[in-house]
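Consider the single chain below, provided in structure tokens and representing the form predicted alone.
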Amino acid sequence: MMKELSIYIHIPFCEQKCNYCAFASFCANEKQKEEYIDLLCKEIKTRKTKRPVKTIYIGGGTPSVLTETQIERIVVTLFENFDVYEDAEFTVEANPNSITENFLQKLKELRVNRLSVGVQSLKDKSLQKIGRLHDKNMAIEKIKLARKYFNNVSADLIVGLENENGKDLCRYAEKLLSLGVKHISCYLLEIYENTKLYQMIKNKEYCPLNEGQLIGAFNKLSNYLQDKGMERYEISNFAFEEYESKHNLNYWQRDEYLGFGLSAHSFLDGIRSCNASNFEDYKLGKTEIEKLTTKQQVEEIIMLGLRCKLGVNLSELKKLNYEIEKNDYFQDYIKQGIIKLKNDRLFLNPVFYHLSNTIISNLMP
């Protein structure tokens, strides 16, 4: 039986770049969009394979800025060139301000079965300051509309925004759950130098939470979501049973995937590749290729496995000649209950997720 694949498609367009965003995304006119879709469809055809596809994820940027015709063209090209399972998880990202009933209807026709909505906050002042184009009421109304078409709706929240404590975040989560959201991604605010938010903080126009406040707010939100029956199946992701993102689990298990579009990554046969993040270079088909060393593979297995409920398969590490049990920190972490061993798998105790970077780093070769 042929090995299964996941597919990621990157749509780099936005109506307006958010103040915190450092991703490969930009505002574009219709001509640029059409040119990009031509290139994207050409890339999909060029990299055609007979391997079955188990998950598809169209992310960005903002895929919902495309017209119904544009999104249909991409999906039809994909289905014509790849063998996609009938029950494949198929996610599309969308922002509240660009969700329309026609767009949702078209996604449903195209076999999309999961929608990920960029909510980020349910406080109007916060949304305005970080450069979002929707307000609280629009986010609520658009999630209600999305739920008419999709049972599986996910929402993103950012933890660490100015004047937003754990209590605020729990209130937002309560509202999202009341709307029938099945999955919530809670991302810590990261400040990148090449963003407007970085300049705002430098000019003392914005004051995000400090590290202590950030951890406190995240823990409060995490406890609330788990009390409501959601599982923290990865450091930043919470879901009701059977509503985990299968696509993201594929990444964390180091299963193989193909990425199409600007800055998209692929992982096949132990080789990682990345498309150009600059539009002009992407037009020329430029990619970076990296064959992982044994050490890099070990590091990746530990880092990805300990970030989520899947844990680390110790036999995989042994195949790569790394006996983690001999690591200087291993026995102490076991005694302190920081890491746990079960059926030849190693798990990070979720209580210590906020220290995951240090723990993971210490357990590496």
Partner chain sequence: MKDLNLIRNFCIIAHIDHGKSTLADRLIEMTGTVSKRDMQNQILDSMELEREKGITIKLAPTRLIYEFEGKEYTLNLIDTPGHVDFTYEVSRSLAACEGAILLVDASQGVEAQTLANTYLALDNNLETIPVINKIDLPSARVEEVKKEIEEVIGFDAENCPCISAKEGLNIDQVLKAVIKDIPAPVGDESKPLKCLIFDSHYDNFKGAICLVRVFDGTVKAGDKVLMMQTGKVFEVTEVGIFVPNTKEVKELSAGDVGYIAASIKTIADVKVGDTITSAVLPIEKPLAGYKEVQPVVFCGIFPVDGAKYNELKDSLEKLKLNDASLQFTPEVSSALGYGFRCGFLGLLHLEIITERLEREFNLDIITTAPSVSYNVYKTNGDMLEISNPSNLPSAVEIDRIEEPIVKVNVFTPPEYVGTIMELCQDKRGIYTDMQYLDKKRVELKYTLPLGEIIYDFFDSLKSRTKGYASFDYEFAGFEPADLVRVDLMLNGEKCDALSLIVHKDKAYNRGRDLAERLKKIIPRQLFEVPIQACIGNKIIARETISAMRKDVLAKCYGGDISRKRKLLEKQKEGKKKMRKIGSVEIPSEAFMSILKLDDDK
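Everything quoted here is computed from the prediction, not taken from an experiment. Residue numbers count along the first chain shown, from 1.
The form predicted in complex with the partner chain exists for this protein as well; it is not shown, and the discussion that follows is about that form.
> With the distance limit set at 4.5 angstroms and only heavy atoms considered, check whether Q70, F90 and E109 all reach the partner chain in the predicted complex.
So, no: the whole triplet misses the partner chain.
> Which one, 29-37, 44-52, 296-304, 62-70, holds residues whose non-hydrogen atoms are within 4.5 Å of the partner chain in the predicted complex?
Among the candidates, contact is made by 296-304.
> Sort through Y251, Y233, F103, F260 and report the residue having a heavy atom within 4.5 Å of the partner chain in the predicted complex.
None of the other options qualify; the answer is Y251.
> Are any of the heavy atoms in N321 no more than 4.5 Å from a heavy atom of the partner chain in the predicted complex?
No, N321 stays farther than 4.5 Å from the partner chain in the predicted complex.
> Please check if Y187 has a heavy atom lying within 4.5 Å of any heavy atom of the partner chain in the predicted complex.
Contact with the partner chain, yes.
> State yes or no: in the predicted complex, is some non-hydrogen atom of E211 no more than 4.5 angstroms from a non-hydrogen atom of the partner chain?
Looking in the predicted complex, residue contacts with the partner chain include E211, since a heavy atom lies within 4.5 Å.
> Is there a heavy atom of Y192 no more than 4.5 Å from a heavy atom of the partner chain in the predicted complex?
Answer yes; at least one heavy atom of Y192 falls within 4.5 Å of the partner chain in the predicted complex.
> Within 314-330, which residues come within 4.5 Å of the partner chain in the predicted complex, counting heavy atoms only?
Heavy-atom contacts to the partner chain in the predicted complex: N327, D328, Y329.
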